[in-house]
Structure formats: structure tokens, C-alpha cells
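Heads up, the chain below is alone and in the form predicted alone; it's given as C-alpha cells.
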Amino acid sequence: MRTIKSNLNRKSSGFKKNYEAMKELVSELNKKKRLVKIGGSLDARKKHIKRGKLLVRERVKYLLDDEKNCVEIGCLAGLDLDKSDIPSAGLISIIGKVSGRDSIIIANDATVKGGTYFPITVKKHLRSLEIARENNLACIHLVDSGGANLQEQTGIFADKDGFGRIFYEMAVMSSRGIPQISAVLGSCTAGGAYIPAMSDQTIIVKDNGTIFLGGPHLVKAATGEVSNSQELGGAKLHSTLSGVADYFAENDYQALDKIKSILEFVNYTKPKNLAEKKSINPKYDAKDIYGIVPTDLREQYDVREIISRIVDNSELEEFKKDYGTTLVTGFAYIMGFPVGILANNGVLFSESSLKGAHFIQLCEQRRIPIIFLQNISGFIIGKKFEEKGIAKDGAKLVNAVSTVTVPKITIIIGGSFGAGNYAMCGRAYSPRFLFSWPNSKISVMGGEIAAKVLASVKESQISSSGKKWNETEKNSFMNSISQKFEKEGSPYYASARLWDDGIIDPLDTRIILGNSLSFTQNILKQRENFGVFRM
């Protein structure tokens, strides 16, 4: 292993400027997260507590063995989405250990729109279940929901990835031996009633917990029968008569304790897939990252400076260092786990694409997880490069990223543009986890370039009709395109729509990667039957 030599000048004006800019971005991120974690309105929270119920994040905190070593998914999902605000999409999703078992806790926040499901809520729930299935995580459902939001029914009901897909995923995971446990801590209505009904084991809380396919209002409207919530689906009914629930709990704490007890008897030992080493802190201060990353995404820097502040002992066994230099590849350890790293150091050429595909094969053959550090404007373009075959060479890298079976984790540390997003394992390429830094941007291309391209097309159309486009109109058009791309390229725009699993402080990258790597190790997978072939 070789220690990465840092050439960072902390006294330079560029470092100081970058540091202050990133510090401000992180401050804004933390502010948004604090507001989101409050949940619903003050009145809604007061009403919730008055019923003797714990707030959703208190429930999650009580369950976790270790609150520090956990990863939250989609904290900012639903933020300023379609002119409305649904804090954390009304659903908290956190991965951590419960009774020693790696688990994902999926918990409705009843203070947000009564815990009802919007399209983004369904999307987040399904993403959480996808993570559970891919990483063999026990699923803990903390149910406190009014079910589907009826006014949003066209966006959540009938499609493949609609509300019903939740129950499908639960059934499939249960068939594979992945525990499905539910605690009904409040309402559980209509289709939502299938979550506890399809769980391996279910707990329901006295007075607050209710499970029914049709609530009192629906039953009266449909049949004329008059009843109340407890008669239709209370804890006593389901734990003594219907058998829908297996355990009766007096309160939230008792229900959560029962979940812990259940997980003590799942008869599971986590596989040892990787040759782990003792974790060694990097030699360089992680805070330097703030000053390394330029405020202008077009400005290049040596990504090794970032790597050296994330990997153990700042060591990287670099692969093909002097070939395809715009992509840095190499082996390292993160929190004691061996990893292969692909990190952008500029635009992707044929050489860097072939190098990346070769390196991915090595990781696959050796069963080593891959970390992608994305800061990519895309593949090189131009007549000379098309003649050389950039399309076919880039396709080799995309093919390798698509078919590799070892765990992949992506961090977007800068720009993520065009096909570069694909080649560096964007969302469409199924990384086990994908996180973004607050300086990141995701777009099909940069706003400035997009404005020039679209303006050129429009100008040609106007000219062909015999008219002329004046400079004022042209500049106004280009400015509107640039502003649109700037807004839609924001990491908050992306995170609100679950294009990533969350925006993170760069200083937390190492610990989040370490925890994520640990969570991926619950699955044993067979090696693909191919040898390494030189690219």
C-alpha cells in the first residue's frame, strides 16, 4: 500500500474561499435537516403526545442499539415538492442494529398529514424495502398511518410501483427468510392494514392501535353498520379474536421492547464476506475537504486529496496510475473494509473507460465492494474521439458497472452530468446506496451548455422561417434555461425526489461509507463465471 501524498496548501486564498463556501452549504443543509426532523405542525405533535404516543423519531431512537452507527434514508424526501411540503415524505427510514441484527426501521410519522401515503411516501417506502431486500436487513414497520391519501389515489394505487408493491416486496422477503415485523402504534387503515397482516409477527398497542380494511365512516357509508374504531379493529379484538396481531402491548414502550425481544430469536449470524482489518484513521484532517472542493464545478482538482481523507491510513494501492489518468482507480480500506475505488479526475476518455472496466472486473473476481466518487461532466466528445471509438469504449465501462454483482456505493461529490452519471453508477445502475454532497448537481448537462444548445436550435428554427432573433430575446431565453437547469440541478431538488438516499456533510462520508459497507455484508453471493480479460 502507498500513502497518498497531499499537496494541499491550507494558506492559499483558494483553499480559504472554498472552505467558507462549503461551510455555508453544510450550515444550510443542517438547518433544513433540523426543520424536517421536527415533523408535522406543533398542534399535530401536541395531539399526538396527548394520546400517550411517542413521536416517531423517539420510537426509532428507543429501538436502536447504537444511535451513532446508523444511516438515515431520504431525510429530505418530499421537501418543497410540487408546491407542497411533506417532511421526510411522512415516513422515517433508518438502518441500524436492533438486538444485534442489522435492520431497517420504516416508521410512519402521524404528525405529517396523519401519516397518509403520498406518491413520494410510497416511493420512499419501496426504496427502503429495496435496500432491505438487497442487503438482507430485517424489516421493522412502525405503523401509524391513515393509509392512502385519497386525493392522491391516481399517483399511488394502480401502477407497478404503487402502494400494493409494498405488500409484494414484504411477501417476497419473508419467503427468503428476511424478517418482517410490525408494531401497530396508531391507525392502520385500508390497504395499509396488509402491512401488519402480512408481517411474520405483529404487535398492537392498547387503545391507540387499530387495524381495519374499512374504518367506521367507510363501513357506515357502504353497509349502514354503525361501529367505533376499537370495535372494528382494536388491540383486544385482534389479539384475542381475529388473530391478526400476535402480541398485545399496553403502550409504545412495551411494543418496542417486544420487537427487540422478537429479534433476539431470529437465529441469524452475519456472514463474514470480507477480510477485514483494524480500522485506522486517515493521516489527513477530514475538515480539509471543505477547502479542497472548488466552488466552481468546472474547476479541476486532484481527487486523491479527497480519497486520502476518507480511506484508512490515507493509503491507496493505485491501479494503472499513469494510464487513463482522468479516472483514479485503486484498492483501499475504509473503516477496516477492503474496497475498490473509482473516482473522477476529469472527463472520461477511451483510456479511462477501459481502465475502469478492467478494474471493475478485478473487484468482481475478488468479491471486493466498489466505491464510486462522482464528479463527472461526461464522456469526451468531438470528431477525433468518435473516430477512436469513445462510444464503444464508454459502453464497456457502462456494461461493467451494470453487470458487476459486488456491492456498489456511490457518492456524488461534485457534478453528475449526462452519460457520466451512468458510467459512474448513478441511480439507474442500482448502487446499494447513493449519497450526495451539498455542492453536487445532477443534470443531463450543465445549464450554460444547455442554454447555448437550445438557443442554437431555436435560432435555426427562426432563421429558417425568414425571421431574425434579436439579442435581447435570445439572452432572455438563455437566462430562463440556465435558471431552470440551476433549480432542477440542485441537490435538494434531487433529494426531494429520492434520486439519492440523502445529502450528507462531506465530513460524515467516511463513517457513512463504513456503516453502509457493513450493512451490505449480510448477503452471500456467488462469483460470476468469468476471468479477467484485458481492456
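Counting begins at 1, following the sequence as shown. Note that this is a predicted model, so its numbers are computed, not measured.
Absent from the display: the form predicted together with a small molecule. The rest refers to it.
- In the model of the complex, at least one heavy atom of T116 sits within 4.5 Å of a heavy atom of the small molecule.
- Put simply, A148 is close to the small molecule in the model of the complex: some heavy atom of it is within 4.5 Å.
- Not displayed here, the small molecule is approached by A190 to within 4.5 Å at the level of heavy atoms in the model of the complex.
- The shortest heavy atom separation between K37 and the small molecule in the model of the complex exceeds 4.5 Å.
- Checking K270, K384, K278, H217 against the small molecule in the model of the complex, a heavy atom within 4.5 Å turns up for just one residue: H217.
- With the partner removed from view, the residue among R51, K68, K487, K31 that has a non-hydrogen atom within 4.5 Å of the small molecule in the model of the complex turns out to be R51.
- Checking 85-93, 354-362, 284-292, 140-148 against the small molecule in the model of the complex, the stretch whose residues place heavy atoms within 4.5 Å of it is 140-148.
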